[in-house]
Structure formats: structure tokens, C-alpha cells
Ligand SMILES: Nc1ncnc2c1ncn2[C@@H]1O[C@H](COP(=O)(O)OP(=O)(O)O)[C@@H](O)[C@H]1O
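One chain is shown next in C-alpha cells, namely the form predicted alone.
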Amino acid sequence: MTIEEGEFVAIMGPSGSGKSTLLNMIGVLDRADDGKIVADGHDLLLEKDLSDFRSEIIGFVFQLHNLLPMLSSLENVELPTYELKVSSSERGKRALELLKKVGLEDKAEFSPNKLSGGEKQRVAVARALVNHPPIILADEPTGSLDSDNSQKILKLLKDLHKEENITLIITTHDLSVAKQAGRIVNILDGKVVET
């Protein structure tokens, strides 16, 4: 399977088909046993230290947002910038810009437990973008949301994909979500069965 720079691809398949595993391998959260995965010129099976790749090239949006409950929305968005040694003023400025872009600048100091599910997911999208990654991986980003919030998150991701020419790869089991992508890839039992 090849995904071109700036493309929006939806990966579909039933539960257990390997959608999340595929994203985790592209995002180097998991390592493949064999085969070849090349992302942004990096051979992910050969290179040993991929921490820079993960922090500079990949933005990850998880299904359950994975926000740290003891931090504010702003601090959660700032987290990935610590790996890049960004100055505190630049860190705060970028995080606030992104919270504004996702419509949550007024909730920058709120902790995750004071946010709705949709708001938490928008904070997670802002966090994924804070290091200007060229690739966004979104694992069932609308899976735990109602239909209204699902559409808001999907529109936000699509707008960011267009505005910043981000390569956007989402996994979903929802055909209405997948149809909004430029291309749908179906996988079954860990194999691509249809594109």
C-alpha cells in the first residue's frame, strides 16, 4: 500500500482486522516483525532511534484522546513540544493558536474532566498538530462521539488537511466517515483486500 504526500486516506475493516496495529506501526508505537514500512523517507524497520521521527513527523489522535487529567488543555497541547526543546513562550503561543483553531481558546485552563467528549477530542487534535507534523494518524477519532461531535471532529481534520497539506490517515468502521476521505483502503485479517 502506498499513501502519497498530502493524501487523505481512510482505513476500514472490522474490529480485529489490524487497523490500529497498522497505524501504530506507521507511528512507531509498535514495531513490525517483517516487511517494509517507509514513511517520510525513514525505513521504520531499519532505523533504531525513531524518537525524532515520532516527535517531528507524526501527529497521533487516539480514539480515547489520552489527555493527562492533571494538566490543563493548554498544557496537554504543549506536551509534544518538550521533545523539540521549544522555548516556553513559543510553546504557549503555538498551543494557544491551535486551541483557538479548534474553538477552545476559552477553555485553555480547563482540565480534561471539565470538558465534554467532543472538546477533549478537539484538544487531542490540537496536541497532534503542535509540532507541525506532515503526517496525522487518527485512530477511530470519532468512534466514541455522538454524530454531531463526530461531524465537527471530521470537519476539523479535513480542514486542517486542506489548509496545511497534511497527509491524513484515519481508521474507521463507519462508512459515512470513510466516504469523506479521498481514498478508502479496506483491510481484513491484517491484509489489504481492496483500495
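The first residue of the sequence shown is number 1, and the count goes up from there. Everything numeric here is computed off the predicted structure, so don't read it as measured data.
Another form, the form predicted together with this ligand, is not on view; read the next lines as being about it.
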Looking in the model of the complex, any heavy atom of residue 14 within 4.5 Å of this ligand? yes
Is residue 30 one of the residues lying within 4.5 Å of this ligand in the model of the complex, judged by heavy atom distances? yes
According to a 4.5 angstroms non-hydrogen atom cut-off, is residue 186 in contact with this ligand in the model of the complex? no
Could you confirm whether residue 180 comes within 4.5 Å of this ligand in the model of the complex, counting heavy atoms only? no
Though the partner is not shown here, which residues of 17-31 have a heavy atom within 4.5 Å of this ligand in the model of the complex? 17, 18, 19, 20, 21, 30
